[in-house]
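Coming up is one lone chain in structure tokens, specifically the form predicted alone.
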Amino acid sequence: MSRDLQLIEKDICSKICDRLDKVGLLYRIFSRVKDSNSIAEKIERKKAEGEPYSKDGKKMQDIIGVRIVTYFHDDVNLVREILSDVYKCVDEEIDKVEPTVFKPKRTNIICSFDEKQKGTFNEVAKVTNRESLQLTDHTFELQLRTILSEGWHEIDHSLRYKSKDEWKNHSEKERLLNGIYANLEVNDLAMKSLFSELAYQHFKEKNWEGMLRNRYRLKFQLFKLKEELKHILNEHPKVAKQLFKVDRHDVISKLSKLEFSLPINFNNMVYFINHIELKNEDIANLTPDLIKNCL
């Protein structure tokens, strides 16, 4: 089974990586195709739960699973938004934040194959004639996590969710595990806050490269910021302040929608942000036509 659907799995991951690499986000990606034993176990489990799969009714939607792990918690929503332009969402499970409850938070999205992937799946189903593929639809599951929650999500799913009876009389252990999740969530928030504070320190010290690196948290190419741009930022504090305060999510989202891949370096970021937000004439005069004509 795994080998039959690996072409689709690789194609899905390739499209996702192309889009996320385009904007320089920091992330890791994992993927798998369910093996025959997992498929059989899930089909039997759904029968036992009174929600059986059928050819004409509800079908399995996670025979292919992709997990994207981000290094910062605010990138989870950013990745979700960027990939909504790549794959159509047909269903989702997103846990709400509750003020007094700490537990693994899911951002699970069921996405539709593109037309090419649907064609490949239909060919595989026709050639293999496996019954399990008749119980599977043209979708895959996309999971989004932060790197601090990733590992413990797996543990929780395997050792608590699937073994609920083993936790029934051990509420103190369950509370302790939830406390660990609380610490991980606090650390996720602290990590972003730390880099935001560092970016502000660099802003005050007029270290523009340090400010850009820590404010935007992207994989910047190792090109120095041009002296002309440093001079403009040094001489125009209001422009520098605008550059620091502009909405990161909005900038990266607009970068993802460009028809071409703009190399992610300090100079291009200043040119791009100036073009879409700041509108400073001195920076505009230095901006390449490729960026001026990008929107």
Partner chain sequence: MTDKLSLVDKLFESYNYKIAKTSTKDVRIYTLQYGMYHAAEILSFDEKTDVSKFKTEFSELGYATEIRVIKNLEEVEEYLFEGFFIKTPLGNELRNRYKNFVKKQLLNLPEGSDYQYINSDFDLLLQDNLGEVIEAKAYSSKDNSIISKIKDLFIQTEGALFIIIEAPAGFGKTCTANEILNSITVENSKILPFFTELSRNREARVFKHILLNEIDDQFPNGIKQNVVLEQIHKGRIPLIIDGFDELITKENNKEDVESMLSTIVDLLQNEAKIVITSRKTAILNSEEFIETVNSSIENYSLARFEIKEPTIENWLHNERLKLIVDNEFPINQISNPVLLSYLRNIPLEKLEEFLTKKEGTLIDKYFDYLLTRERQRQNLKLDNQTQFRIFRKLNRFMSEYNFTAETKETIKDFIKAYNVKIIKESLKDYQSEEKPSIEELTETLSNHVFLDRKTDGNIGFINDFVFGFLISENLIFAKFQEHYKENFTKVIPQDFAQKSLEASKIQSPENKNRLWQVYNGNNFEYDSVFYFDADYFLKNEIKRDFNTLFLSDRTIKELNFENHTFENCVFAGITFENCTFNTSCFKKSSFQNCKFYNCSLPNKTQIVYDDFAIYVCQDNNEFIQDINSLYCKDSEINEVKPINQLTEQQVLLQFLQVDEKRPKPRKFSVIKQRLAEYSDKDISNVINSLIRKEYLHFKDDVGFITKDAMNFLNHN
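Just so it is clear, the model here is predicted, and its values are computed rather than measured. Positions refer to the first chain, counted from 1.
One more form of this protein should be noted, the form predicted in complex with its partner chain, which is absent from this view; the next part is about it.
- Per the 4.5 Å heavy atom criterion, its partner chain in the predicted complex is contacted by stretch 112 to 120, the sole one of 79 to 87, 112 to 120, 169 to 177, 184 to 192.
- Proximity to its partner chain in the predicted complex, defined as a heavy atom within 4.5 Å, holds among Ser196, Thr128, Asn207, Asn108 only for Thr128.
- Proximity to its partner chain in the predicted complex, defined as a heavy atom within 4.5 Å, singles out one entry of Tyr200, Phe223, Tyr161, Trp152, which is Phe223.
- Lys279 falls outside the set of residues with a heavy atom inside 4.5 Å of its partner chain in the predicted complex.
- Although the partner is absent here, His275 is not a contact residue: none of its heavy atoms lies within 4.5 angstroms of its partner chain in the predicted complex.
- Contact annotation for Glu259: at least one heavy atom lies within 4.5 Å of its partner chain in the predicted complex.
- Among heavy atoms of Val124, some come within 4.5 Å of its partner chain in the predicted complex.
- The three residues Asp62, Gly65 and Ser132 each lack any heavy atom within 4.5 Å of its partner chain in the predicted complex.
- Contacts of stretch 9 to 48 with its partner chain in the predicted complex, defined by any heavy atom lying within 4.5 Å, are made by Lys10, Ser14, Asp18, Asp21, Lys22, Gly24, listed in sequence order.
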